[in-house]
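Before any questions on how it binds or moves, here is one chain, the form predicted on its own, in structure tokens.
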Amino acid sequence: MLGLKKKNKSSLLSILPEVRGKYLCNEMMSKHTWFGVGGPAEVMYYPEDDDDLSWFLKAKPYNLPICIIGGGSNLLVRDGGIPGVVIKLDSKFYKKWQISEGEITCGAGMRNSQLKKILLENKLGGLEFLTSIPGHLGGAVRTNAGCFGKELKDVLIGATIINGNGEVKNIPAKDLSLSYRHSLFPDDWIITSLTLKVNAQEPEITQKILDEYKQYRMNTQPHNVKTAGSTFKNPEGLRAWELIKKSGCAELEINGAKVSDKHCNFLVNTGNATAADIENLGEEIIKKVKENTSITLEWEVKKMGIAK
């Protein structure tokens, strides 16, 4: 069945395979990113389940551009949008979970924050750091998300993936080659579920840890604003925010994009910024830090799409 927006249908749709999930044409990516910017996805595809996604990947045109997004919390989509098909795992199938001895398996479409309730209701711990990171679990694998001294690789047992040929495989964590804010596995692998280590823990202890993490973020990072979290990776042995401040970038702004007053490694859309404004601001920071410290900052925020 094809679920479609009635207006502005894409010509691409006529060559896509019929699926049980849903296609949307010219879907504005600004609705799917925390920055609140981004042009249209030519087609957005919501698979019904792994079988549906597998069929799509097998039957699609061989040269079709595709990409996958999660919760959009660490994403900057350019103003010209994204050609081809954007895949988002957002059906109930991708939010399922199951607990077994010492581990939990969750769909890649589950929000990290949803884990809080699961941990508390099932007297589990060990994933508190992950629940405090905005976004979806699938995206946490690609970036090896981490905070408070822990990274996803510390708790990941394995993942289910579907490759570009539509083959479903179970992959052990070691084969994902996770390192600081980085992974090294084929670009055409789509993570559809994760199996994570957990430990027995009383809800009171879990809640105390969660409260401490939340309070820390409230005190040190911007909230209730349009931001994508940490903009740049920390160079080895250094802190990006210190380099930014040292280089005189803490008060930079371009149109509606500005450096956060609360944490200068966060860029903020004050309301009317374009993706170009945000990207230009980031590049200006990289330039100034390079000039002042000889260090080249790397984007932690993932950029995709084309300029307008």
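In this text the structure is predicted, and so the values were computed from the model without any measurement. Note that residue numbering begins at 1 and tracks the sequence as displayed.
Below, we refer to the form predicted in complex with a small molecule, which is not included among the displayed structures.
Note on the interface: of 170-178, 117-125, 201-209, 228-236, the segment with non-hydrogen atoms within 4.5 angstroms of the small molecule in the predicted bound form is 228-236. For the residues A145, A159, I82, C106, the 4.5 Å heavy atom test against the small molecule in the predicted bound form is passed only by A145. Residue W189 is the only one of F93, W189, Y213, W97 with a heavy atom lying within 4.5 Å of the small molecule in the predicted bound form. Although the partner is absent here, R78 is not a contact residue: none of its heavy atoms lies within 4.5 angstroms of the small molecule in the predicted bound form. When the small molecule is considered in the predicted bound form, G70 lines it closely, a heavy atom lying within 4.5 Å. The small molecule in the predicted bound form comes within 4.5 Å of a heavy atom belonging to A140.
Although the partner is absent here, F266 is a contact residue: one of its heavy atoms lies within 4.5 angstroms of the small molecule in the predicted bound form.
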